[in-house]
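Okay, here we've got a single chain as structure tokens, the form predicted alone, with questions on binding and movement later.
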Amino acid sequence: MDHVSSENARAAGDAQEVLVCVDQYAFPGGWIKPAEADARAQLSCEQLEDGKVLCFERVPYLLFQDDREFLLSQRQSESRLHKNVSYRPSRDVLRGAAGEPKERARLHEIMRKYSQEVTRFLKQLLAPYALDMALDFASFRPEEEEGRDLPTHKRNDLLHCDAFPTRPTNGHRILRCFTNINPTAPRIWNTTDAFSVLAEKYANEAGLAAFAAKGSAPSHPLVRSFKKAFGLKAVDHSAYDRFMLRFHDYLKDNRDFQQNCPKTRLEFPPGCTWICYTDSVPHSVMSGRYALEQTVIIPLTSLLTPDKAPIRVLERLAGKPLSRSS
């Protein structure tokens, strides 16, 4: 598939249906009117669950200027195993970085601080989620996305909803916080119809009924032993996780969808931070380099409107539970 563009995306005015500018929150104090903090935090969670993208004109957490300048000087490893530089907080491990050991150590330290600061910010901003928020990977994305040479299923410029091959969520939500640290150029996304609309149109064609029929039984002990013997992760995927991985690939493979679906262009200028549920906000990255990102997992039990979660949308279409906990 040729690289797509955002030339035919809908006018910027349509972006206002998706983007929510958060102007009552400022670093380091948080919500400008403390008496309204609880209500505003709840509203922010509801907006995210409704498929909105929350935006901040300035970085709403601590990010030192010298750290930002160091990041702008970095490049990514040329290994095709790593699409981005990743930081794994639970193990304090950095992957995909290039440079000399001293540079990698500095990058490791910066990513550790970044992950800690963004987590603090998200827990303050989205207080209803704070107690049960689970920290996932962070990443640094130094490469230019426009025209990037990647396999189809790893391409960022094709519209998709996120799913993790090695970290199944069992229906819990993927919430991601991004910051454009590029000093001169915006990061450009396209988005399209909401997940519920795409699921209604494409889920059956993508095989939802078959995934639902197979269910979410754990893998056989012999299979798990075999995987461990070869150094593979012995993780169990629910029917939901298996379908979402398939749906991610289906959407990227669907040439008609990629070329002809309605698109809305979202422009994130230098210094902008934005947050959304990337498992339900279809998105593609059309251009931009030098972005930071932190992922957190939000349990279904923490959601204010759980019926809007992708797993509930798919279960209504399938007529069957898609996880062992449904």
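Heads up: residue numbers just count along the shown sequence, starting at 1. Note that this is a predicted model, so its numbers are computed, not measured.
Separately, the form predicted in complex with ligand SIN exists; it is not shown, and the next lines address it.
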property	result
Contact residue in the predicted bound form, chosen from Val59, Val285, Leu54, Ile297 - any heavy atom within 4.5 Å of ligand SIN	Val285
Contact residue in the predicted bound form, chosen from Arg242, Arg106, Arg88, His160 - any heavy atom within 4.5 Å of ligand SIN	His160
Output flag, Arg141, Asn156 and Trp189 jointly within 4.5 Å of ligand SIN in the predicted bound form, heavy atom basis	yes
Listed range touching ligand SIN, judged in the predicted bound form by heavy atoms within 4.5 Å, from 89 to 97, 160 to 168, 116 to 124, 197 to 205	160 to 168
Partner proximity in the predicted bound form: Phe178 to ligand SIN, non-hydrogen atom cutoff 4.5 Å	yes
